[in-house]
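Okay, so here's just one chain, in structure tokens, the form predicted alone.
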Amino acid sequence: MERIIAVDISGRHRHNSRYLMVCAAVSLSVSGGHVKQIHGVNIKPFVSDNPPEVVDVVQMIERTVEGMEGVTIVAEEGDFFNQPEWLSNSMFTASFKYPESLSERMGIEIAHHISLSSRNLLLDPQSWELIKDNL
């Protein structure tokens, strides 16, 4: 069984003149083609006036995974503008790789759903419901 931190960033496109991004990191144990256990989730929002570059992506990921337990950070190649894995890996202080197994891809899919839904929640002021006394 391998312990990884699967990561995804949503919102790397301009929204009302700014880049409003949410990075989600999921610490999980994987084996073969299965996710065995989810140990924890971290979510962190980021804002920028400029489009993110590779070094920004690395910084967002490292700040999001702070305090999480996992041996290797795993993220999609597209999050690093399709840079070769050795180049992306060289910018991290922790071990990093692109997904190789089905279970690693499943971990990234979980992180993607978390980052996307979190970003959508933050952007929608209509999502806040008032709690009434008689509920």
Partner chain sequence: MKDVIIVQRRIPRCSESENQRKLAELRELAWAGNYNVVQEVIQTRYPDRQYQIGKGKAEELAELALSQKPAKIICYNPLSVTQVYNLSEMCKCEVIDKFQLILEIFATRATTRRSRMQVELARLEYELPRARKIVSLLKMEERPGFMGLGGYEDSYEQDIKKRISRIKKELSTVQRDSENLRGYRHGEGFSLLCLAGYTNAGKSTLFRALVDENVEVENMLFTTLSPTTRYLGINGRWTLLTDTVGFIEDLPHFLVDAFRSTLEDVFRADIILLVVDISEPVDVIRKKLAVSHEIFWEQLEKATIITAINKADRLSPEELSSRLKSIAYLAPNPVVVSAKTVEGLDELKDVIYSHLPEWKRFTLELPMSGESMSAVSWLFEEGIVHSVNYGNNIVMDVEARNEVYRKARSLEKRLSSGNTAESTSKDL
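Everything numeric in this text was worked out from a predicted model, so none of it was measured. Positions refer to the first chain, counted from 1.
Just so it is clear, the following notes concern the form predicted in complex with the partner chain, a form of the same protein that is not shown.
Using a 4.5 Å heavy atom cutoff, none of 15, 51 and 56 lies near the partner chain in the predicted complex. Though the partner chain is absent from this view, in the predicted complex it lies within 4.5 Å of a heavy atom of just one residue from 101, 95, 29, 83, which is 101. Remark: residue 105 counts among the residues lining the partner chain in the predicted complex, judged by a heavy atom distance of 4.5 Å or less. For residue 33, a non-hydrogen atom is located within 4.5 Å of the partner chain in the predicted complex, even though that partner is not displayed.
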